[in-house]
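This text opens with one protein chain seen in two forms, each one given by itself as structure tokens under the names structure 1 and structure 2.
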Structure 1
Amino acid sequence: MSELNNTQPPQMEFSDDLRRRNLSGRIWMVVFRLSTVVGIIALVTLLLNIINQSAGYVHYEAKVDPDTLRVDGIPLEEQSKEQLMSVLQNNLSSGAYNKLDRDKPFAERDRGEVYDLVFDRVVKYKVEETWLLWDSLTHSREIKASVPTEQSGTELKFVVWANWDFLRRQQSSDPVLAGVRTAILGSLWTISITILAAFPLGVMAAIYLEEYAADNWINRIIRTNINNLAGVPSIIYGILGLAIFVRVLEPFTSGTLFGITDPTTANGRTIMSAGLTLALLVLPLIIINSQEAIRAVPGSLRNASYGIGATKWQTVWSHVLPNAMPGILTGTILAVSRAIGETAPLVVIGASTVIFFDPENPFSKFTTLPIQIYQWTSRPQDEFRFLAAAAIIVLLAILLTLNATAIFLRNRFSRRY
């Protein structure tokens, strides 16, 4: 109809339209590309923002100028443990010195600890002012001019907050001396418990669902349920952990059941509770990933095994599992890296109190790296923000290592049938 009535040459209309369509195609392509660029910019900004806060000039005021504490002209940094002890002895009252010895005998402390003590008790650095990395690099002359370094006890240092001492030192309320060792140990302990509990349980559940379960209503409910659990907000697991592990199972999670009476243990708010809570959280992820890995093992392998007279479990144990293991491990590592970064459930089960001592067993009170970051971020002073940035760098480095391992495993051991 329209062709008959059309007085204009159809060619003309078609090309007009084509120009419009191509134009809108080009515009939208730019839009799609732009949104990708925005995503990348967001990631880069996030990383740069953290790096920007993780180093820079710091203006210290010392109560006692470290230069005056030289022993035989040797500066503090190069003094031996004995020389550092003599510095402590000379500058502290004998009562204070003896109390330090009683808390932990000097014979048991290594040089680093004594060195920290000198700064903690004698030098007493106080942070007066801090600068971001960007300002420190671009305005270094103005910053240097603004700090009267010639005054005794005044010092301007370029500090990289995520340094070796930061990893080695315990948590402290003094930003100059604070470190993440307590938090890293807490994270390691917690994650070990999580893996010990969730890995076997998750893999066994996946084996059941893939190899044993018939396709009936109850197993369909289990499958749907696992998918739903994977979508439950992590904070809900925290509330569950608080009610069950911290409260109901307190005799178990505080260790009194095993005769451990640790005075620092606070009613079930322990590594054990945290690890088990995180185990519940990552269990659905481990099951789903393991199921996929088991499903990828071809049926011919199973049939070959049955064919030579193996039982069901023999088939699963010696043929299905070894072939699915790279996939299962990759999935588990990814789930664990999720658990390492979790903060909310641990805050809810009560890990957010400040801890100055390293955890010694699964029934100790603890803090973890993300919780340490949360606490430092919540403090108003800039220097704690910088510590948080440094701790974030440590956390991201750990996660990056784990993810790289997962990708390596996937590429190295994955087989195609």
Structure 2
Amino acid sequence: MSELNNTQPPQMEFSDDLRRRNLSGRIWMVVFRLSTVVGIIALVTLLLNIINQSAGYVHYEAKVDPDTLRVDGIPLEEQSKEQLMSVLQNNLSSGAYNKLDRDKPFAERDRGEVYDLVFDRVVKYKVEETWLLWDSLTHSREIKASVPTEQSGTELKFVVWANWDFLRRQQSSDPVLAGVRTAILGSLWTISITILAAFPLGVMAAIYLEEYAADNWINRIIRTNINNLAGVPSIIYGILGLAIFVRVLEPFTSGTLFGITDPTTANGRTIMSAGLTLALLVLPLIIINSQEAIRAVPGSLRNASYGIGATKWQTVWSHVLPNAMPGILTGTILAVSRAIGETAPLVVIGASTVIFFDPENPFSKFTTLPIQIYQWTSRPQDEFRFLAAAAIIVLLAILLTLNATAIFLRNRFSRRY
């Protein structure tokens, strides 16, 4: 009788269990929300730190006052290419001027290049002091009062480092004239080769493994190794690229096989080697994500296709691939996002940290935005760190543009089918 009195009714047990489960659910909901808030705070802090270093007041000191270089009363900013060339001739020795013409004839230079030469060789602006964006906004009066702008050749200017001139200029040892044009072109060349090489190979491999490969021990080993390769450190791929593309396939990656470059000076440390190495890096990611997307296509679509007499390939091409394409493009977005920010494999291959000419073809020497950012952040001057922050903004803009393009294509396919 006492045992019956101590036993709770089933309804009470159910109510207690329900309360415990609801309490556990609320606790986990708070944990998930808290983790999301922490992630957002970390991301906002990172972005604010980058933005804070990408603009601010800069105190310049010029060796030659630009106002003394007027031609017929016209300031340097408004002078034509011919007038700027006369300024160079009047302020440089004949040997220095002729050397500039030998390096690249003035007839082939545009006005912007000649304008940069005037500031680089004649005016010679030097950065004396810099301020962060927050300090520039909150202590503007104190900053202006501390700089004697009435002195000749002294200028205090609010600078947004990520500007049009920054995008169009080549790399320079002078932060006033430094730009990221060469690095942008190198990144675009490299990522284009990566996508062209990795995307079709990855999708075809996924189609074979999901639609055609038998479930035997060989194919299981292949799938396991692909999963393992997705976690291999990127520098290992750099070593692989150095051994295969830079050394073994040097005639191809240097362009000598096609007669594009001189065999006596060519080597395999080119954009082609970098693009193919990054293709190896992202290939496992594309294969795995493409497999998941193909596997998610309902089997009823395949059976319906077979039921009307379609062959295996017709089913894959007309039904499986179109329905799997949104997931495949999502995997490609993740792969490209990883590839465009890589530095370790490119350093191993031999990407240049200092380069003063633009890549002209896939067999040119190169640098990329991540390597350029690394090179600037390693310098002790504050102005180079500001340039690195501006380059990070450019890199993020390129990455967002590529991702937006892939998302657009994904949504287009998703709406069509």
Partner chain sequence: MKQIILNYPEARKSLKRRPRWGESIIQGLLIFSGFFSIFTTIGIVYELGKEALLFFREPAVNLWAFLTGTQWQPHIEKFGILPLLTSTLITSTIAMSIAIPLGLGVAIYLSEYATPKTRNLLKPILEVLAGIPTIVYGYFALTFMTPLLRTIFGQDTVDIYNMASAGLVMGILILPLIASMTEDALSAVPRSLREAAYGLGGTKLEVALKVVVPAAISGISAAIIVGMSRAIGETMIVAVAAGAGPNFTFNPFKGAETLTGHIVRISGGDLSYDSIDYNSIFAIGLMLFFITLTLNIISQQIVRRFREVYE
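Each form is matched to the other, and the largest set of C-alpha atoms that superpose within 1.5 Å is called the rigid core. The structure presented is a predicted model; accordingly, all values stated were derived computationally and were not measured. Reference numbering: structure 1, starting with residue 1.
Please match the form predicted in complex with its partner chain to structure 1 or structure 2.
That would be structure 1, which is the form predicted in complex with its partner chain.
With both forms fitted on the core, give yes or no for whether the Cα of residue 330 moves by 2 angstroms or more between structure 1 and structure 2.
Comparing the forms between structure 1 and structure 2, which are aligned on their rigid core, residue 330 does shift its C-alpha by 2 Å or more.
Is there a C-alpha shift of 2 Å or more at residue 159 between structure 1 and structure 2 once the rigid core is superposed?
Comparing forms between structure 1 and structure 2, the residue 159 CA shifts below 2 Å.
After superposing the rigid core, is the C-alpha displacement of residue 308 2 Å or more between structure 1 and structure 2?
Where the cores coincide, residue 308 still shows a C-alpha shift between structure 1 and structure 2 that is 2 Å or more.
With the core fitted, just quote the Cα shift at residue 34 between structure 1 and structure 2, in angstrom to one decimal.
Shift of residue 34 at C-alpha, rigid core superposed: 3.5 Å.
Would you look up how far the C-alpha of residue 24 moves between structure 1 and structure 2 when the rigid core is overlaid, in angstrom?
After core superposition, the C-alpha of residue 24 moves 9.7 Å between structure 1 and structure 2.
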